[in-house]
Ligand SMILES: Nc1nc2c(c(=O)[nH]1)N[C@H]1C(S)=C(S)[C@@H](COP(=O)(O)O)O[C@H]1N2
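Just the one chain here, laid out as structure tokens, in the form predicted on its own.
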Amino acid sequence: MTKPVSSRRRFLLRAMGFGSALFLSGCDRLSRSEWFPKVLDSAEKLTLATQRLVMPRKAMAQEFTAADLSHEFRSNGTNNPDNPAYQALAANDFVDYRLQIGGLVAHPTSYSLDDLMALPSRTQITRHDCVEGWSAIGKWKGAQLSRVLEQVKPLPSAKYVVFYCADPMDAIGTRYYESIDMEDAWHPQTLLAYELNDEPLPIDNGAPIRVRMERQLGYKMAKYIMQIQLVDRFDNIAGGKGGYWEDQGYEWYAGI
């Protein structure tokens, strides 16, 4: 078990929660100015650079024991996508599910749920820290994203992994999406999780597949993953910030 870092996590959660509340409570005039977003962007890049400098590339988030499991693991965000295609997959226990992987890869492919379960897996008991201020400890099992990358062979130009989800988030059907860089994509704790607490992943928690990357805050861990694209930039994707919440003003790098 790694050395606890709970005090640092609590501080970062309080700070980020305050920042998010400030942004959402009407103090967004600064966010619409020309200079303030640039200041935030510079600070985020400095945070990322500093953490990459002081933490080993494969530094592990704290893992716990079965005795530490939370009695309930809350659902964050959408708990059942209002999407006919997704509902049809769920009604058939995801037998027809296919995870499409493409973009800047040598071998675009698709995986059924059984295909993903056949890959080398990892099980980890970790804490989910939500920007809303709650935490829960769960036991996750899934295919390591690194194993998938080994098969699809990212091109040298690939810089980011983008996850597209089943849930549309607005009136014109824009899909929820999220992204990470290649360093986090190759990290051993980054999973395409299909089990929670020794049971198939519930729909509330993102079935059939959700992302787990334990060194970041909960909103980075997208649920209902339908497609993965490897890209070299974000400026041609939705709001161009690398994720649904990031397009609304949240930080892209949410490391803790």
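No experiment lies behind these values; they were computed from the predicted model shown. Counting begins at 1, following the sequence as shown.
Below, we refer to the form predicted together with this ligand, which is not included among the displayed structures.
Not one of 121, 145 and 190 comes within 4.5 Å of this ligand in the model of the complex, counting any heavy atom. Although the partner is absent from this view, residue 161 stays clear of this ligand in the model of the complex, with no non-hydrogen atom inside 4.5 angstroms.
Residue 197 falls outside the set of residues with a heavy atom inside 4.5 Å of this ligand in the model of the complex. Within this chain, residue 151 is remote from the site of this ligand in the model of the complex, having no heavy atom within 4.5 Å. At the 4.5 Å threshold, heavy atoms of residue 111 stay clear of this ligand in the model of the complex, well away from it. Stretch 126 to 134 is the contacting one of 152 to 160, 84 to 92, 180 to 188, 126 to 134, since its residues have non-hydrogen atoms within 4.5 Å of this ligand in the model of the complex. Screening 62, 216, 229, 205 for any heavy atom within 4.5 Å of this ligand in the model of the complex leaves a single hit, 205. Along 65 to 83, these residues reach a heavy atom to within 4.5 Å of this ligand in the model of the complex: 73, 74, 75, 76, 77, 78.
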